[in-house]
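Consider the single chain below, provided in structure tokens and representing the form predicted on its own.
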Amino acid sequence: MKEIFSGVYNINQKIATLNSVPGTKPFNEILVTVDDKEYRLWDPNRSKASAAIAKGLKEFPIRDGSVILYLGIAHGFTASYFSDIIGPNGVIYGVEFSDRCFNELLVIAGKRRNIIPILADARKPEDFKDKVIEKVDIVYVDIAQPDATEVAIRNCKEFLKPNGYLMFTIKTQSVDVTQSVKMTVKLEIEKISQAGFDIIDWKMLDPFEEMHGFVLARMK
């Protein structure tokens, strides 16, 4: 076993986190015990963050104590792994628009007390700024909107600490189906750069997520 990033492990060529709620596997994930500690395998086919790590992402800023704004948290699969990593001193403010997903998220948050569910539209940060009571270290964005990049930038300007990180999934088919996937990703990255971010790394997520890009950037 090797620690790839803070709180992220390689166990027999599989990505994993230390299970902060031992004995539970809410998404039917595989549990592995190493040296009497229980780890959850983090399937890159089900999580874009794990896929980015599997593709060789050079830096992963989420660590113990991190404060995260997660836009498009859905039912909380990826967020549950972030929850393992950040521990009891970290917080995830999870914004979700779908009632169905939100209700599923509430079950996960009931066991993982560092996840704060927020039912809101990520495109309207003014509607939930009273619920995100602090500046965050990371804005993580996984939404399917044509203007997802602009939404990400808007939320970063509202909530992100100076020198904080943006982790952003580019869903090319939601942005523009008329041009090539890589061109769409590059154009969205250019928007992020022009908005005042340093681009640290970016990856295409195939074969795990076809037609998706992943960007790690830092606010200047």
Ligand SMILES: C[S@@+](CC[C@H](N)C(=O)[O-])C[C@H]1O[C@@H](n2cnc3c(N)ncnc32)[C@H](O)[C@@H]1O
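For clarity, every value in this text was computed on a predicted model and none was experimentally measured. Position 1 is the first residue in the sequence shown; the rest follow in order.
Omitted from view is the form predicted in complex with the named molecule, to which the following refers.
Using a 4.5 angstroms limit between non-hydrogen atoms, A74 touches the named molecule in the model of the complex. With a 4.5 Å cutoff on heavy atoms, I92 does not count as touching the named molecule in the model of the complex; it lies far away. Of the heavy atoms in K48, some are within 4.5 Å of the named molecule in the model of the complex.
Not displayed here, the named molecule is approached by A120 to within 4.5 Å at the level of heavy atoms in the model of the complex. Only one listed stretch (103-111, 130-138, 143-151, 84-92) carries heavy atoms within 4.5 Å of the named molecule in the model of the complex, and that stretch is 143-151. Annotation for 85-117: interface residues with the named molecule in the model of the complex are V95, E96, F97, S98, C101 [heavy atom within 4.5 Å].
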